[in-house]
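Let's start with one chain on its own, the form predicted alone, as structure tokens.
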């Protein structure tokens, strides 16, 4: 769906050749680009997304198209946080469309989205999965610095995620934080926390026993946070995390990621170190 007026556009298509996943097509335009892949895992490329503009401004629009072909694997993250600056008239907008073919594997683990004072941002992610595909997906929302030194000075952070398995909608996640219209500290909203994290996993390897083990592992973590885990209608689960520090959310997601690698793949390597 490439069109020249996108502030940033990225298309990434990964396929399996012999025993290794490699890029079939990489195309980007304007403010988005990716670095050359790094192989933390010798068979799986890891791409880092860069925003050349440094942040999202009034009326900016971005689109990402990600395809992981049959039996291929991909790790995708960002080189830094997504910074949403003041948007006086038109929210910044980003949409991502992901295709996961049979037995493919995707880790989509971007850095936090930071909403600064008077920022408005809408994100729409749509993911289409085929049988046997595995998805690891995360989002982190945090308030940015304001001149008043207060949290929740952004106007709107609205994230919508839809995940389809064999064309059937299996996950619909709708997060809308609008501080001027919501009692952010109230029960059912942020409950005196300022940061919100989500970690969604869909895999045929997921079991009730693993989810229970993961809950026990999370409960042993230190820090001021609150979490909840929900099973999905397909094999998989969603973890929601509320905290007052980005590091606490990142640690919980890393704990989930590490345990998953240990139990499912006998692998403890999951570092996406960027600096």
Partner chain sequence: MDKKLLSLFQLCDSNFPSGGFSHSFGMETYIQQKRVTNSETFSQWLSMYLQHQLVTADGLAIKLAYNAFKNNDTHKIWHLDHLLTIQNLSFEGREGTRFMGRSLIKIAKTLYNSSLLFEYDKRVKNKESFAHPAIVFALIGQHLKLSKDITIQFYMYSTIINLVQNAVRAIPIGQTAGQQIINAFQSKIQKSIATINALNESDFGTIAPGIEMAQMQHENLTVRIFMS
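Residue numbers count along the first chain shown, from 1. Model, not experiment: these values are computed from the prediction.
From this point on, the text means the form predicted together with the partner chain, which you will not see here.
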{"item": "Candidate stretches 85 to 93, 127 to 135, 100 to 108, 181 to 189, one within 4.5 Å of the partner chain in the predicted complex by heavy atom", "value": "181 to 189"}
{"item": "Position in contact with the partner chain when the complex is considered in the predicted complex, options 244, 221, 41, 215, heavy atoms within 4.5 Å", "value": "215"}
{"item": "4.5 Å heavy atom contact, residue 233 to the partner chain in the predicted complex", "value": "yes"}
{"item": "Contact of residue 204 with the partner chain in the predicted complex (heavy atom, 4.5 Å)", "value": "no"}
{"item": "In the predicted complex, residue 150 touching the partner chain (heavy atom, 4.5 Å)", "value": "no"}
{"item": "Residue contact check: residue 117 to the partner chain in the predicted complex, 4.5 Å heavy atom", "value": "no"}
